[in-house]
Every structure is written in C-alpha cells, then in structure tokens.
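Quick setup: one chain, the form predicted on its own, written in structure tokens, and binding and motion questions come after.
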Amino acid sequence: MGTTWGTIGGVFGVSLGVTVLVVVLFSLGVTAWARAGGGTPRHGARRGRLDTVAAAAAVVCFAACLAIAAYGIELIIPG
C-alpha cells in the first residue's frame, strides 16, 4: 500500500484555497458591516442607499461563510 502524494497535495491545495476563501469572505463581511454602521443608523440619521447595500453585502458574505462551513460539516458527518 503506497502513498499517493499527488492526491495528498490536491487535498492540501483545496483545503488551503477554501480556508483563504472563508477568511476573505468573513473579512469582507466585517468590513461591509462596519461601513453600514453595524446595522444601526448613525446618530439618528436615516439609512442611505449605500448603507443598505453594505449591510446586504455583509449578510451575503456571512451567509456564504455559513454555507461553506455547513457543507464541510456535511462532508465529515454524512447525513
């Protein structure tokens, strides 16, 4: 029984890529959420269109992170 180093390298590459993707998505989500004011209007002012777009982008980024994590758990623990 031999070790297939190419397969191990492929798994390592995919794992590294997915890890970087999740970190970047989460960072973009935090940045967008902060730019949107953290979900609350600033000093009683009305929310502008850019604040709404930033909040929506943050929610999409966080949802993508959650979906990737759920898929990984599904791969480890078959349902």
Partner chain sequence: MDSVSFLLVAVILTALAFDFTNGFHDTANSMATSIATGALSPRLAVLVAAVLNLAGAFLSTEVAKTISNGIVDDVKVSPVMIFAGLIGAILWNMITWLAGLPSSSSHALFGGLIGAVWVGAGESAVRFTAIVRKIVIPAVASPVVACVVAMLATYLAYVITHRAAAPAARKGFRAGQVGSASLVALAHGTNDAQKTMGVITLTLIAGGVLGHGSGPPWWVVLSAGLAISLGTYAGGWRVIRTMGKGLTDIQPPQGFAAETSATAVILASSHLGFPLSTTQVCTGSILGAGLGRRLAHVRWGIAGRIAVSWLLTLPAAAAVGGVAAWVAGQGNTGVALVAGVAVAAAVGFYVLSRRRPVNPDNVNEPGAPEPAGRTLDTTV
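Numbering follows the first chain given and starts at 1. Since the structure is predicted, the reported quantities are computational estimates derived from the model, not experimental observations.
The protein also exists as the form predicted in complex with its partner chain; that form is not presented, and the subsequent description refers to it.
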{"property": "Residue contact check: L28 to its partner chain in the predicted bound form, 4.5 Å heavy atom", "result": "yes"}
{"property": "Proximity of L50 to its partner chain in the predicted bound form, heavy atoms at 4.5 Å", "result": "no"}
{"property": "4.5 Å heavy atom contact, V24 and its partner chain in the predicted bound form", "result": "yes"}
{"property": "V11, heavy atom within 4.5 angstroms of its partner chain in the predicted bound form", "result": "yes"}
